[in-house]
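This document starts with one chain, in the form predicted on its own, laid out as structure tokens.
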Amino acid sequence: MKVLVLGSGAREHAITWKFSKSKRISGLYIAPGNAGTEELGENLPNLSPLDHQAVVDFCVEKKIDLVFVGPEDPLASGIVDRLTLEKIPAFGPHKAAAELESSKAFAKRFMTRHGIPTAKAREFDSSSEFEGFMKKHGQRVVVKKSGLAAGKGVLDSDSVEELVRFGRKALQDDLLVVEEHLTGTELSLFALTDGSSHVLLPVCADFKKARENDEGKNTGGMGAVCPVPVVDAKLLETIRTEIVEPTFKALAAEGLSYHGVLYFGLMVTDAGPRLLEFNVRFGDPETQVLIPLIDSDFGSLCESVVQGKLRDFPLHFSSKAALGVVLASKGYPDSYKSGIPVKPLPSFSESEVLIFHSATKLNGSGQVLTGGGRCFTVVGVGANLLASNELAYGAAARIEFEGVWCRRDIGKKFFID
């Protein structure tokens, strides 16, 4: 089985690592990949996931059996439609279904149309109308840029002035969605789907804010845990019956079913779970803590998804817990430098610690250089979250480059005495 993974982040490194463990793999390619994926397969630094023709040509030349699309941009641009047209199996949604992520306005209308519990919201295409609403509303709200924004298109603030500035800028080239502010526990739930059936993966939680105690600006995610101790069988069943099942019925009714993964961004409030958003791909950094807990052969699992045979696949999960800490560049999520040399990475036992690269590169001397704001995800895998926390932070302290920083409280709110 020859696999092409599209992307260059820590999510794609984790996915590539999991594919590399599969007994089914005879060829593993990553486009463009990073310094971490280079150790697992063949990087294709000149192949852009957004260049549909180049991707197709490579797949035909190498006789690729499966294309796994990691990031959202190629999905939104219709890469799966093109691959399907060429009869190349792909893990991911077609362009129409990808709009569930690429347009928050589309997703919110979908949720409302099908009665899926979600935050109350209004849509704006006019700056003056939006500013007038904000001046009259007088309550804390969440303002969201409708289109893709790499995890930074949301502002949750009690400052009307700050929200108006954010919304005014977003409305220059996009729609705006304004939601009621909900409080509770935020969860990340992923479901694999083969177009007709689906299966839920262990529940994750990510930490989006830049600073401790969930303060500071939104980021692409500063850490994650899996599973989440506060999610018991009763809550999971409520989420399944009130949100997950109605969503998949609605997808089928509207012709939006696909082969891949669907993310449910949830807020568990006092009034019950509410759906905040969809993603149509695995999340980052949740993937880095979720993937290590899948005990089944990943190549065979993905094949069952694209072939419509998920219902019969023997899917097994580890009883362990995983906690991931993101190491970031100085200045992130604002301006930061890239190309910073990283001291040689230490070695760890894969059963306890995993280091996933994000957009890193190698210089002429073989030294790793940073390539973005979020540089590495260090994952600890232990008997429980507390043990995983100790493993992750112990390993993170040994990774060195100028200006490196991380949140120090990942998972803390979920620790059980």
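None of these values were measured; they are calculated from a predicted model. From 1 onward, residues are counted along the sequence shown.
Beyond what is shown, the protein has a form predicted in complex with adenosine monophosphate (AMP); the following relates to that form.
Heavy atoms within 4.5 Å of adenosine monophosphate (AMP) in the predicted complex map, among the stretches 163-171, 75-83, 140-148, 322-330, onto 140-148 alone. Proximity to adenosine monophosphate (AMP) in the predicted complex holds for none of H198, V261 and E303, with the criterion being a heavy atom within 4.5 Å.
Taking the partner from elsewhere, E179 is found to have a heavy atom lying within 4.5 Å of adenosine monophosphate (AMP) in the predicted complex.
In the predicted complex, adenosine monophosphate (AMP) lies within 4.5 Å of some heavy atom of E186. A residue is said to contact a partner when one of its heavy atoms sits within 4.5 Å of a partner heavy atom; L276 meets this definition for adenosine monophosphate (AMP) in the predicted complex. In the predicted complex, adenosine monophosphate (AMP) lies within 4.5 Å of some heavy atom of K208. Of the residues S338, N218, S318, S127, just one reaches adenosine monophosphate (AMP) in the predicted complex with a heavy atom at 4.5 Å or closer; this is N218. For the options L175, M134, V230, M267, the residue carrying a heavy atom within 4.5 angstroms of adenosine monophosphate (AMP) in the predicted complex is M267. Using a 4.5 Å cut-off on any heavy atom, the one residue of 83-114 that reaches adenosine monophosphate (AMP) in the predicted complex is K104.
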